[in-house]
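First, one chain by itself in structure tokens, the form predicted alone.
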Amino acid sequence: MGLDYCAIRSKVLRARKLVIRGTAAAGSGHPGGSFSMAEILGCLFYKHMRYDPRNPQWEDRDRLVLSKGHAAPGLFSNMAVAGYFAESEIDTLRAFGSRLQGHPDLKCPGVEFCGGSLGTGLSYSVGVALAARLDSRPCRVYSVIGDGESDEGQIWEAAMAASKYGVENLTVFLDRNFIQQDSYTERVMPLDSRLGDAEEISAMWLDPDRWRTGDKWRAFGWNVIEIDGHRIEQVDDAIKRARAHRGGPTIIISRTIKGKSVEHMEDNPQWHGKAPAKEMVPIINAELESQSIIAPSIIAGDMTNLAAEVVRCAEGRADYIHLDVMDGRFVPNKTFLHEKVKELRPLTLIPFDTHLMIEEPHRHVRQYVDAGSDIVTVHAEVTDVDTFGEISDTLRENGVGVGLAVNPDTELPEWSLGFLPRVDQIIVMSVVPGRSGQKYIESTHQKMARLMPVLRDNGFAGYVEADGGVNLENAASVFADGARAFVGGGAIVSTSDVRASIRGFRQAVATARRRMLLDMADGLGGSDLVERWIDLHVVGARPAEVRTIAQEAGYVAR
């Protein structure tokens, strides 16, 4: 079974939007800590936990204990997406008589723990895990704790007890977002090392030599796994490793960003417990929907040593590894087939974005699933309603994302429209496939203008991926067209510093996103809303950068 990357990512987005919807309706709540644990809950709810929303008290269910109970909007939103109750009920968050209170409460079916006083959830989790073992139940207990509540002595008493009794059916996530109610954790009570008065919180992210939290938990006898808590593939792998561990409990120290995916909330202590204004909700939703993916194409590098190119892309923090499979028939060139994909798979957890430029893909797609692909895209030119249906079913059944590609001279075929709600990715080729060194075909901008309304009107909720000739000079305009995934061959893999090139892409896309959101603010509320949107950005260089873009666009005076 594959990672289910696209399905998890899609549901995490739905849950984040519900957090914004619920807290805005309530006028209070905690979006920041809900967003820092979003991918953690996504992997638990949509991949690993055993539960039945129709039978919330099923005795053999896995348990999720949210010790950091103020992040209840994040829990409730995922419960809604998982089917415990209608998503519309999120509108009752914190209302008098609602099942969805400011902290989790057992009156809501599916809630396992009344989270209120911080520091108590781990003790409760140890007890539940011990009880399951005594009763010979197969259930696992997952607990999410905050780094702020780790100041509590009870956390460490529970840690000792779990280790003493070898509670191996307990997995704890530490949501290590470096922020607690009043300030940054490293200025209140450091878990790693003290943050200097003039330092940005990013200093802690960027310097692993300063990380001490894992050493503390190891000293208490725990199995420790450390990950980037926003990388779905790392969260998934950590859960698997925790389940395989024997002899004691596991803690997954997840380095996260409070407010992740909404720039003005990110790393901002103000958003520990603060609701967005209702008029900002459409703009925030647009920002959530416009998160981008950078996918280096390894065939632009050294074809005699593709393993080294995968490692370079992984070290450069790529979101995907893009694999262009060419059979020499559908396109003139030949690159590699499924055997090479399988050979490369053990090198990284990063999702493999496999683009099949081959004849008769329905005859071969299973080989690419078995080789370890996380997304498989086939071409409309060599499929039809029957063969694409067969391909789609095979991919979905195996937890692999479904993609459909169109060449520069091909429009999206009529037969594909019925599949769009279940398609995860559309690749719009902006060069003729199979030929290297081509420039971006400018008419692709017009093609995208025709395509985007078709996708929207037919229920497409995936990503449009731009492939061919995309570089730092045109990335912003390609983003403006509607692309949210960017394949970089010559512009990334052919460069000497892959990480710097990926960073450049992210900066170019971030600038385009900021401009799009400012345009939206102006359209919704004129200069007043633009100013209010700018003023939400308070951390680091963001205020000046966003204001400069607004000035260049003529929305505010220079």
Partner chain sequence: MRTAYSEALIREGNRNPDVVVMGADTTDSLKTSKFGREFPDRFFNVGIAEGNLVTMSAGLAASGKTVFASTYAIFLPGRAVDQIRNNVAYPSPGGRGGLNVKLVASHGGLSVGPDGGSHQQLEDISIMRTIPNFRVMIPADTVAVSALTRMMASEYGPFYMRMARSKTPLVYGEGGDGSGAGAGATGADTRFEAGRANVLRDGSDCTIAACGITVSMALEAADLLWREKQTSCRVLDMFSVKPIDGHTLEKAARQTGRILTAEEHNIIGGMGSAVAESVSESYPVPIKRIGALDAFGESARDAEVPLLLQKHGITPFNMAQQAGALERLPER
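Everything numeric here is computed off the predicted structure, so don't read it as measured data. Residue numbers count along the first chain shown, from 1.
What follows is about the form predicted together with the partner chain, which we do not show.
Proximity of 126, 134 and 154 to the partner chain in the model of the complex is complete: all three residues have a non-hydrogen atom within 4.5 angstroms.
Residues with any non-hydrogen atom within 4.5 angstroms of the partner chain in the model of the complex fall in just one of 377-385, 171-179, 157-165, 469-477: 157-165. The partner chain is not drawn, but in the model of the complex it has no heavy atom within 4.5 Å of residue 245.
The shortest heavy atom separation between residue 117 and the partner chain in the model of the complex is within 4.5 Å. Within this chain, residue 107 lines the site of the partner chain in the model of the complex, having a heavy atom no more than 4.5 Å away. Taking non-hydrogen atoms only, residue 113 approaches the partner chain to within 4.5 angstroms in the model of the complex. Shown without its partner, this chain lists 281, 130, 369, 344 as candidates; in the model of the complex, only 130 has a non-hydrogen atom within 4.5 angstroms of the partner chain. Residue 101 is the only one of 297, 254, 101, 430 with a heavy atom lying within 4.5 Å of the partner chain in the model of the complex.
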